[in-house]
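Below you'll find only one chain, the form predicted alone, shown as structure tokens.
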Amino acid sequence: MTNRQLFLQHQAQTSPAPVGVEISSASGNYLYDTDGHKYLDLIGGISVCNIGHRHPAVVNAIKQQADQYLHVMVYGELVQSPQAQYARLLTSYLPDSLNCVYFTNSGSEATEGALKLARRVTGRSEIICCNNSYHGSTMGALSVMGDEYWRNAFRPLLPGVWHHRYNSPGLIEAVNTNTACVIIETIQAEAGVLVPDAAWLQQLRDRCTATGTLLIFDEIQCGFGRTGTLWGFEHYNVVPDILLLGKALGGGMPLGAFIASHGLMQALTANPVLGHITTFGGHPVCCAAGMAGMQVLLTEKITETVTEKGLLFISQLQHSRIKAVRGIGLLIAVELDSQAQVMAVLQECLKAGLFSDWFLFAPECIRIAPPLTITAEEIAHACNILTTCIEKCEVSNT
């Protein structure tokens, strides 16, 4: 059997129509398939590969750590230098109140840990979140996902979860002394790249502080330079009580984290002991890879180029069938007439050597979230392919 046949027969499928391209290698800003085709990657593994695929520093860190040790014990029992060193690096680039890191396997698990921490610290159970939000697909994360289409088949979910419109006064007004936490994406990615109003975000911070509610920012997609600053919340001068990281955190390896103050995080150490536990969270190879990736991001000053590159995309994505282009840094949504048109354009782009995707809650939008290392020449090439493919695909709004 071919690998494609094995993939379809023996791997659980997440949709009726997977892209199905068989990858042979990936390097820099490109993917290569087994048929010899080359694809400029416009999604970077959904904001994972911020410094490109297989950066030599990351590969070297993986090899070096693999020569030392792999898994040795459940998280938090033995001192493992990749975890300790990476936690120190992360917290040195965060506000003083975000000084304690709990490493997980994924962003979804970071969400789960943060929700548990908020309920444990406050003694409250109610949670406020946003419509069209995405925080993962495990049961707790699914409960705070902002779309009933994705939640309904798995009910009953967590009780006491209230969804409100992002950027709305109603969300702020709903926060009270029964609220354990408010969890929001600093930038709503899957909604088609929606940015918060700075005054609204500050009012939300003030309301959470006044009611003793913990404020959780999900930067799993928008962290690590994606928006033009290292962390998305730096645009708004608002600091969360708990920060969620994932995706680019691992440098291409599976890794997530929730970060809070040392005082808050101590709530998970007693009554009960092992209040949160993971076997593979913070795997030493993943932490070594992630730390190497973050050091590249910092030393090569990649984040400093992101805003200009985002503006290049926006200026060159000009076509009569493009209804809107929304973005911050290199997180961009290109809105067309319909989901059908988007899917047709994506297929044409793939044929032309450009790999892109859509958004869960904005399927009428094409996703642009390439490695931050994409060049001006590659941006021009990508925009040319996109506009050419849009021209080819005259699909009516359905």
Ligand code: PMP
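All residue numbers refer to positions in the sequence shown, first residue = 1. Computed from a predicted structure; not experimentally measured.
Another form, the form predicted in complex with the ligand, is not on view; read the next lines as being about it.
Engineer: Test of understanding: in the predicted complex, would residue 226 fall inside 4.5 Å of the ligand by heavy atoms?
Structural biologist: Flag for residue 226 set to no.
Engineer: Looking in the predicted complex, any heavy atom of residue 108 within 4.5 Å of the ligand?
Structural biologist: Yes, residue 108 is a contact residue.
Engineer: Any of the heavy atoms of residue 136 lying within 4.5 Å of the ligand in the predicted complex?
Structural biologist: Yes, residue 136 sits close enough to the ligand in the predicted complex that at least one of its heavy atoms falls within 4.5 Å.
Engineer: Does any heavy atom of residue 283 come within 4.5 Å of a heavy atom of the ligand in the predicted complex?
Structural biologist: Judged by the heavy-atom cut-off of 4.5 Å, residue 283 is well away from the ligand in the predicted complex.
Engineer: Tell me which stretch of 303-311, 142-150, 212-220, 87-95 has a heavy atom within 4.5 angstroms of the ligand in the predicted complex.
Structural biologist: Result of the contact check: 212-220.
Engineer: For the heavy atom contacts within 4.5 Å of the ligand in the predicted complex, list the residues of 224-252 involved, in sequence order.
Structural biologist: Contacting residue: only 247.
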